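Just the one chain here, laid out as structure tokens, in the form predicted alone.
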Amino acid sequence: MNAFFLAFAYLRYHWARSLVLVLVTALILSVPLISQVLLNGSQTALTERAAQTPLVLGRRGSQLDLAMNALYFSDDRAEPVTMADADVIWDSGLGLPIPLNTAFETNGARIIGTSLEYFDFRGLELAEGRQMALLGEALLGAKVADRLGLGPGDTVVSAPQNLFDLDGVYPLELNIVGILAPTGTADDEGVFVDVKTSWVIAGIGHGHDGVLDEAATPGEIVASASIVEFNRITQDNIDSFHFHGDPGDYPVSAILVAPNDARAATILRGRYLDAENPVQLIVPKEVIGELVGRIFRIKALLDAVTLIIGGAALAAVALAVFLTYRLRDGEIRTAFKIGARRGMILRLLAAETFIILCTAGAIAFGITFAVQSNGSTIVAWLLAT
């Protein structure tokens, strides 16, 4: 007990050197723990959401990009498909198509244009407010609402995905009518609107003010030269909003498909096997399963690298401790002269090392616990970037 008392007193007196040793050791211990937590969390997040999504329809190309965008609303987006492709699924009677249009953002959050069926499909519930019902209304994911400090009655303004994506895109003020309950998934980071609202942002649909020229004589219909396009939808102007072109040509980023049963899923998959078909139907569980397999093959290499680096770092810490003891040679000689035995000196040095390792271990587990507690948020953020 005297050895621990003296060791603690010494470490407290030389607090700066002791603090450096503790922090360096804590970081060395926490890195492999954090990597394991994040990798396991990523595997769980990837596989669970993929398993809950039977099929995804999209433009033929990278299956991984299509799956990541449809499931996690990532920045990597394939070329859009059209509502005509959704109509084909609907007309087949084999499943329910749920459109997703993820071309736009607001305040760093993805705007997801979809249908009401999406909320039932994902099991999303409202924490406050009401469900969107009109053009221009939006629901915020729990994380977005918390980060922006917004709620029902507030507004957000849409923006294109990048500064060079401005063709036909008009900033639209979205009326927030509800906040979704947290789910620990990518849905917490989204802003949900009706798919028609996303088409208004794209410029396919719009409303006009001042269409008629007031100077025209009675009986004449003359369009004013100064037609103003609305950038917000209200009760007064919502009836003036309309869409141009064939609805079947309207774009969507991807289409979630909920087949009626396993037989319907097999039939649907067979209809999109032709490599010449510009549209593909993927099984997210298989695509993400391949990704997870690659991650864990790389993980073995990372574990080896971490082990080597950790060993080298621990050796450096051991060297620093040894040099510290060498610098204390005068103190140790003095201890011998006043009657301290060799065993007492060794117990004192061992007690100091034990205190440093225990403190570093506690900090490392504290850091790991904090990462694990916020693991779903960290993983969702990593998957979306």
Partner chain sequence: MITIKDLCFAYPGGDFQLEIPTLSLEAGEKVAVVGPSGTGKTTLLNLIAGITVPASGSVFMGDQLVSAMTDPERRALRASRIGFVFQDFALLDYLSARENILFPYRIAAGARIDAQARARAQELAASCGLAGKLDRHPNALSQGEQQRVALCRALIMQPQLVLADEATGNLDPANKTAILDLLFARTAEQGATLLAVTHDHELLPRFDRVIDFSAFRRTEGPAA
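Everything numeric here is computed off the predicted structure, so don't read it as measured data. Numbering follows the first chain given and starts at 1.
Below, we turn to the form predicted in complex with its partner chain, even though it does not appear here.
Using a 4.5 Å cut-off to its partner chain in the predicted complex, not one of R17, A26 and R326 places a heavy atom inside that distance.
When its partner chain is considered in the predicted complex, F365 lies well away from it, no heavy atom lying within 4.5 Å. Interface membership of A335, defined by any non-hydrogen atom within 4.5 Å of its partner chain in the predicted complex, is confirmed. A370 falls outside the set of residues with a heavy atom inside 4.5 Å of its partner chain in the predicted complex. In the predicted complex, at least one heavy atom of M344 sits within 4.5 Å of a heavy atom of its partner chain.
Residues are counted as partner-facing when one of their heavy atoms sits within 4.5 Å of its partner chain in the predicted complex; in 8 to 37 these are A9, Y10, Y13, H14, in sequence order.
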